[in-house]
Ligand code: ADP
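Below you'll find only one chain, the form predicted alone, shown as structure tokens.
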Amino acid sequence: MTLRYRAPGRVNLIGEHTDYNDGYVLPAAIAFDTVATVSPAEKLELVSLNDPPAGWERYVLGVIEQLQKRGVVIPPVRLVFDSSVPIGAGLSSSAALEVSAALALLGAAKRELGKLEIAQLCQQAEVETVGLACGIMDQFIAMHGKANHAVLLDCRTLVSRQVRIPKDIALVIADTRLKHELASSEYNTRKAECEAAALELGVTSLRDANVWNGNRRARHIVTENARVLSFVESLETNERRMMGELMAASHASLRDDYEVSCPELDLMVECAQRCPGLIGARMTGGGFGGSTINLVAAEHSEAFRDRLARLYEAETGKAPNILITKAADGASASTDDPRIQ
């Protein structure tokens, strides 16, 4: 019997690098996903229909190990993955792979686990097997996303609530085409720096800090947590000027205090200011490359995309990949191809 499961990528509206500091994040699942097809086989087979980076199988093997730790007996299967989530764009293609694999393997084993446990075991797979000290955000939103909503998540308590995105706001994701390699970058270094800053400030994590004593890493986390809560309020009241100001402040903090931006991301944000319909723009994801998130008045989204692409290419000589999307539902069983072209 052949089964199919899908898990979406994600875009984070605001709240960057706060998840592994027990803070607040506001991600949304997007209408680009990974579909896992599982069927019986004589031995485990892993196949990608895309062009994944070397070592992509480690993510799936990590999920298998975590499932086995939970007593799930996995029969020999053939797993085939087909993804529309851009790889290396900061849109969590890895979590989409992990979650779709977990659901497919559970389906083959005829076992069920809760949404939160699936998210947690996929996070543990990335930390323990891949070696990236990531927080829970990506896997959580892959499981808990809801169409037309972002999700406010408290990464300490894992309490969340849905926040509706006005229907006339489009999510425009601008991929710089500069791939980020978080596991070989300074991502894990940032986590260690935050732990050291918390120790210096005498708190369990930077979530508990309200001063930063000149530490720029701490200042980013403290101010970014406050920005998330203010952004939720502005989203719920549709105060678009405030949304834009908060996104601009977030990007500046990531660039100057947390030092995870890059010239291409900064340029993409600057170019967005010259495009029609912009509400707010900032880098999204871990940084060191990847994408920006732009909130755009829906009626201007296509004109915005076209002008942004022209401006960026004129400056860099590289054509960006710009996606117009809406917030989508989280992972599920699939009987047809749910992807939106």
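Numbers for residues come from their place in the sequence shown, where the first is 1. In this text, all values refer to a predicted model and were calculated from it rather than measured experimentally.
Keep in mind that the form predicted in complex with the named molecule is missing from the display, and what follows is about it.
Annotated contacts: 52, 59 and 93 all touch the named molecule in the model of the complex [non-hydrogen atom within 4.5 angstroms].
In the model of the complex, the named molecule sits beyond 4.5 Å of every heavy atom of residue 203. Contact annotation for residue 87: at least one heavy atom lies within 4.5 Å of the named molecule in the model of the complex. Residue contact with the named molecule in the model of the complex: residue 264 places no heavy atom within 4.5 Å of it. When contacts are judged by a 4.5 Å heavy atom cut-off, residue 126 counts as touching the named molecule in the model of the complex. For the options 97, 104, 172, 246, the one in contact with the named molecule in the model of the complex, meaning a heavy atom within 4.5 Å, is 97.
A single residue from the set 225, 83, 176, 253 has any heavy atom within 4.5 angstroms of the named molecule in the model of the complex; that residue is 83. Residues of just one listed stretch (299-307, 44-52, 61-69, 23-31) have heavy atoms within 4.5 Å of the named molecule in the model of the complex: 44-52.
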